[in-house]
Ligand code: NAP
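Quick setup: one chain, the form predicted alone, written in C-alpha cells, and binding and motion questions come after.
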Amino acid sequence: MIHLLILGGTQEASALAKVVADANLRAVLSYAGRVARPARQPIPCRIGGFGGVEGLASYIQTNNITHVVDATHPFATQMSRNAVLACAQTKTPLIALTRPQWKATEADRWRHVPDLEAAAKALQGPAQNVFLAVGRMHLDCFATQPQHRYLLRLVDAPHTPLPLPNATPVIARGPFDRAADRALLQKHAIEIVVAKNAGGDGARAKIDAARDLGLPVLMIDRPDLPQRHQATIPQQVLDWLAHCGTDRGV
C-alpha cells in the first residue's frame, strides 16, 4: 500500500495534497516550520526538520514511507539534496514536483546573477528603492548594502530586528495580483526588483509588474540540484505513483 511523504511548504505541495486526498491515498505533508501559520491541509501534516539525511532516512523507514515527493521551494537546496541521498539510502522512489522557471521576454530588463551573494554585490552603488523579494531567511546576505531603502514582502511579521537599517516590511501571503503589485511598486517608488527565479504563478506578479513599469530585475538563477524524476503538475505525480511500484527499489 502506498504511504506518501510530501516535502512541502509550496502551493504545489498544497495542490498535490488535495489531489492525493481526493484519490484516498495515504500521505503526510511535511513543513519545514519556517511559516508561523501554515495553510490548512486535507491530509495529516508534520512540522519541523528531520535532522539531515540520516534523520530523513530514519523517518522514511520508521513510518513505512513507500514514496517521496519533493515539493519544496526550488531554492530549498539542502532539503532537496537530503531527499535524494535519503531516498537512495532507503531505496525509496523519489520525484520532484517543481514549477517551470520564468523566462524573460523582450520587454523584460533582467540581469542574471548566480546566487544571493552575487545579488547583494550587484547592488553596490548609490542608494536606491529596492523591492527585495527573497524571503526572510536570506535578508542577512544584503546587510552588506545598507545604503538602500528596502521594501520587503514577508509571510509573517518579524519578531526580531531586521538586519537592514532602512527596511519596510509588507506582510502578505500569495498568490499575488499583477495590478496590485504594480501599485505597490509605484507607491514605494521602487527602482529595482531583486527576485529568485521561483517560477510558477503565485509570485510572478512582481515580475510582470516590473515589466509593466520598465523596471530592472536582478534575477537570481536557480541552483543546480541532483538529477531526479520531475513532474510539473500533481496528475503527473499520480501517474508516476501508478507506474513505479510500491516496493522500495522499484
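The first residue of the shown sequence is 1; numbering continues from there. Since we're looking at a predicted model, the values are computed, not measured.
This next part talks about the form predicted together with this ligand, which is not shown.
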| query | finding |
| --- | --- |
| Proximity to this ligand in the predicted bound form (heavy atom, within 4.5 Å), stretch among 140-148, 107-115, 67-75, 84-92 | 67-75 |
| Proximity to this ligand in the predicted bound form, single hit among 185, 43, 218, 32 (heavy atom within 4.5 Å) | 32 |
| This ligand contact at residue 79 in the predicted bound form, heavy atom, 4.5 Å | yes |
| Touches this ligand in the predicted bound form: residue 50 (any heavy atom, 4.5 Å) | yes |
| Contact flag, residue 234 vs this ligand in the predicted bound form, heavy atom cut 4.5 Å | no |
| Interface residues of 1-32 toward this ligand, as seen in the predicted bound form [heavy atoms, 4.5 Å] | 7, 8, 9, 10, 30, 31, 32 |
